[in-house]
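Read the single chain below, which is given as structure tokens and is the form predicted alone.
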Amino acid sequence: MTSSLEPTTTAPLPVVLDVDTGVDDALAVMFAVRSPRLDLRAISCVAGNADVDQVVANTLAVLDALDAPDVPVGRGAERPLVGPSRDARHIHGADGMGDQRLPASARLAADGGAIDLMRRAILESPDPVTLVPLAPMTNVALLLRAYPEVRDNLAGIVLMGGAVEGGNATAVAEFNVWHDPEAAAIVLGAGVPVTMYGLDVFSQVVVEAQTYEVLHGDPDPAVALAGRLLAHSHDVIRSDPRVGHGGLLGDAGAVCMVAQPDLLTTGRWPVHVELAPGRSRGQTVVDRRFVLGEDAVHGVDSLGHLVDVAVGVDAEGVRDLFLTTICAGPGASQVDDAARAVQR
């Protein structure tokens, strides 16, 4: 099985994003639209950081800010496969976007919904598609169960979710997996190469305040929005000792990895999603043992499915790639100057 991050072509890589936009999902959409290394075929929306209708509205508004081409956006699941939907508005604001109050978009969601949109985008692509879930994986699980034939045209799945060391939704569970652990278990076991960009690297990639403050006044509306979103992220997480001084790129880092895989270090280990009720529900249990344990010796079932788990990231490289890419429009020189000042 090959890694889902191994490049196979120099042409732009076809990708489909699955989002719950979301402050850092918005940054991820910005990067995917503007990256010359990616060909964004579709965006599916799911309940997570906010309810699904708010997620759709946020995604369409971000595309407006980017003056993006007509990227199809699909409305997906309103709730997890099991249990209620539980949002993260305490982190992402009442509107899920740091209370930016973006103008409502005249764009419309695609007919047929997110699952059909993803199916068509994958099966109609002449080249294998990389599927990038940045949200609870309800839509992706439904897609893989309803239309298993899409696996034949998937280069891999690069997901933002899970953790090796510890969680954020609970002490051991990361939000996207915790919100719908059954969906995450289905995705990991679907027979598609998976790369897990979890909290262990997620928390390392930041944009320094002196850089994102320059973005605020940029004449490009998307760049200015990115600056405000990064500032909101900094305000929310500034007390977290795991995060450096700056605005967290979060989900956008996973999309940067798709564009430039050599910025990420991974290890291939079995991963199990804990589904039992209780404190450990939603935990991604990563088996990094070098020798057999008593469970294997005594015939207990294997721990999980082999996954390429992110364990290291070139944080400066990701930051620079993100800034260079989103600033490809008007005002790029201002941001480049700020980025160079930080590097000095």
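All values reported here derive from a predicted model rather than from experimental measurement. Start at 1 with the first residue shown and count on from there.
Beyond the structure shown, there is the form predicted together with a small molecule, which is absent from this document and is the topic of what follows.
For the small molecule in the predicted complex, the listed stretch (101-109, 183-191, 170-178, 224-232) containing residues with heavy atoms inside 4.5 Å is 170-178.
For Val140, no non-hydrogen atom is located within 4.5 Å of the small molecule in the predicted complex, even though that partner is not displayed. A residue is said to contact a partner when one of its heavy atoms sits within 4.5 Å of a partner heavy atom; Leu199 meets this definition for the small molecule in the predicted complex. Within 4.5 Å of some heavy atom of the small molecule in the predicted complex lies at least one heavy atom of Asn49. With a 4.5 Å cutoff on heavy atoms, Cys256 does not count as touching the small molecule in the predicted complex; it lies far away.
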